[in-house]
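Structure 1 and structure 2, given next as structure tokens, are two forms of the same protein chain, each shown alone.
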Structure 1
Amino acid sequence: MDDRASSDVLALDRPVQAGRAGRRDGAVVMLLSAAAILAAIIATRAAFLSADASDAWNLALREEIRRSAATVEDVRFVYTVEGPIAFRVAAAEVRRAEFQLAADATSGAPRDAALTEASIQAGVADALRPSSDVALDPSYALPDGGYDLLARLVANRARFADLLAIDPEPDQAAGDAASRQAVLMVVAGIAAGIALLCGALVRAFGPWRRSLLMTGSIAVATGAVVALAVEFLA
């Protein structure tokens, strides 16, 4: 066969070779495209899930601060505003009662002095009582004197049921769940990375082409299945 003849033969084979090469390239392009699309979807979904986790954690922090502020304010009001006045009323009532007992047990000057003191303490109690919602409400009176400030705190807290119902733990747990899902989603993305590796190696390692394409395809399918499982089951 001379040079012209062999050249003609090669020229005739060229379209056939080009067609085979095109099909081979097509498979690689499809694998790389599928892997890239899968990676993009997974990355986007993981970003959304991460944002959801951060939002939930931030919400839990805000809830913690709201709950804390409400608790501190309620306790402060009862024990630094209402409590001291109620205790002074209680002190005046107790002293009045004790002076009255002393007056009953004595006579003459000691009795007169004790009755005077009892009257003074009764006046103090009567003067202070209108300033104290706790002392005015007989339901807070303790059997041995004084007032039930815990019952008052319970009543004050119950006035704002929405603040009482604040619980940051469900939001914290939701954030943890979303974070776990985001990480698992990125784990699914590793399969897309394997597929991209196989696709990149196909053209340089021709003899292993079929194995690489097969491995890459399996990786893409596995990644997609894992991503779907994470989305709907995790």
Structure 2
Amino acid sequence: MDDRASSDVLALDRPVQAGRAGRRDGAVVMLLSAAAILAAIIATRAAFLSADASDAWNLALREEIRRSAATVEDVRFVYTVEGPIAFRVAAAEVRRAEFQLAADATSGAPRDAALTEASIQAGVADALRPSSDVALDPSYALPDGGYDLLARLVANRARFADLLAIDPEPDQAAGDAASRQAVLMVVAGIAAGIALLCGALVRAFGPWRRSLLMTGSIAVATGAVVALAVEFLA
């Protein structure tokens, strides 16, 4: 009679124990599911942020190449195409002035020779000047002789305002910001990893079940909060 009663009690107790085990298993499943979803969202967002950073850096690099190429071309044109002709004109003008001074300081045959050379140098300058925009524009002439090629370079660059306005810094800064945000998002993903670890350890460490579930839940909440903060505040 006693054995039958004990059997009845055990039979009634089995559904209760099964329900408790089901609830415990359900808690683990919920923790693992939440951690997995959080990890997937964080990983996806971090991947998109990394792609945005890469795109911004590539754009900044292309802009820097365009700006550098434009600068190099302007310098090359002014100092290797226009500069040599302007230099020859300036040299001829200096020689003409020196020969004229020599002629004024002497007389006779030396004076005639100096005047002839001064005339030749003036002809050289007059012949070369039409082929030099620098020499033709009096705004580039220096008070002591010669021409201001730096001013010519500035004026030549100003003709291409679109190239002069190229600034890769904003895109570079945007890439840096996206990269930092991606790194912070990955850091937030560490909390999801901790939650997954806690859920996996529940079976192996039954006595610590409650602590592991609590730690995992806190890790999921922390990871979600950090991810939201990185998304909207970083």
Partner chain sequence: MSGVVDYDALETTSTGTRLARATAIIIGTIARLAALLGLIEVKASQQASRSELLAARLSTAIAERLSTSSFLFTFGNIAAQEALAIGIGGTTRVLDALQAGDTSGVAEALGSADAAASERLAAIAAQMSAVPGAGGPLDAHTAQVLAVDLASIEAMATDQRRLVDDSALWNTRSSRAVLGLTLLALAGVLIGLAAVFGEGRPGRIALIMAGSATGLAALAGAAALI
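Every value quoted in this text rests on a predicted model; they were computed, and no experiment measured them. For numbering, take structure 1's sequence and count from 1. Superpose the two forms; the largest set of C-alphas matching within 1.5 Å is the rigid core.
Any idea which of the pair is the form predicted in complex with the partner chain? The form predicted in complex with the partner chain is shown as structure 1.
Aligned on the rigid core, do the two forms place the Cα of Ser50 2 Å or more apart, comparing between structures 1 and 2? Ser50: C-alpha displaced by less than 2 Å between structures 1 and 2.
Under a superposition restricted to the rigid core, does Val226 display a Cα displacement of 2 angstroms or more between structures 1 and 2? Val226 C-alpha, core-superposed: shift of less than 2 Å.
Please state whether Leu184 has a C-alpha shift of 2 Å or more between structures 1 and 2, with the rigid core used for the fit. No.
After superposing on the rigid core, how much does the Cα of Leu201 shift between structures 1 and 2, in Å? Looking at the C-alpha of Leu201 between structures 1 and 2, the offset is 2.9 Å.
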